[in-house]
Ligand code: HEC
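Here's a solo chain for you in structure tokens, the form predicted on its own.
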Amino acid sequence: MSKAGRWAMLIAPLLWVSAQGNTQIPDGLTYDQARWHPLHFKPASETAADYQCLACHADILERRVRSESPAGVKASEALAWYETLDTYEGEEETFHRRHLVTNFAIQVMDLKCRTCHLGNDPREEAGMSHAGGDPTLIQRKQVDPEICHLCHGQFPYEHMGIPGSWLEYGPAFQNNCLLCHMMFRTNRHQVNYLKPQAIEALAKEKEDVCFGCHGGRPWYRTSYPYPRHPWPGMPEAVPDWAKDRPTVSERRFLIGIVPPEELPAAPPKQGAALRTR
């Protein structure tokens, strides 16, 4: 989809909500009815389109960062460590805008609301953790942090035969990940939340495209155990650090890019074993 098409798809719900008086609760639903809408639960949450989510949650793309901190530090005069990479373009942006509507996101990502948010079950909220708790208070996010790890794991230099971090030893490799990865792990990024061809092309132009995600902005201090999709010339021997890794990505990340007959089997639903006994 083109940049204009992607933007139009995302902005349309904003216009719809505006026409409805900014209630952000469509079809005359009450707040409680909206909280229990089928879109918040599987299986509907697994196929929900962005416009359906943004019909209520449009404000997530309307928000902007502060021009200055509560302490008075102006954003224009501050530079965060992750902004030093050349893949971080433009002014400071909110988390969701950075992953959905910025130029870099449109160019190399195809993230959808359901990529990270697979529902929001009020029964799983922890608002009444003590006697004086607020039953309407959401005290924890319902997003698996492993989703962040998919792109933002720590750089695993130990597995690559590199003596230390890429920041220290990258110059020895011309800061070019493709010096090695033109031969190794060449079957990559083939998932429905990324644009693999765009990533590969841009990585040849900008040295931070690879490291910008894979280590440049690490989430926690552990790397992500990526599936080892077979690639041409792949050695038969599996390294010790990779012996327990899967050889295919999670099923839901392959839907739409892999023919249905080639998709890995879906895991059995909870309770299925009991019903078949």
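Residue indices: 1-based, along the sequence shown. The shown structure was predicted, so the numbers you read here are calculated from the model rather than taken from an experiment.
The discussion below concerns the form predicted together with this ligand, not included here.
Within this chain, P239 lines the site of this ligand in the model of the complex, having a heavy atom no more than 4.5 Å away. Taking the partner from elsewhere, R185 is found to have a heavy atom lying within 4.5 Å of this ligand in the model of the complex.
At the 4.5 Å threshold, heavy atoms of K74 stay clear of this ligand in the model of the complex, well away from it. At least one heavy atom of P227 is located within 4.5 Å of this ligand in the model of the complex.
Heavy atoms closer than or equal to 4.5 Å to this ligand in the model of the complex belong, across 190-208, to the residues V191, Y193, L194, I199, E200, A203, ordered by sequence position.
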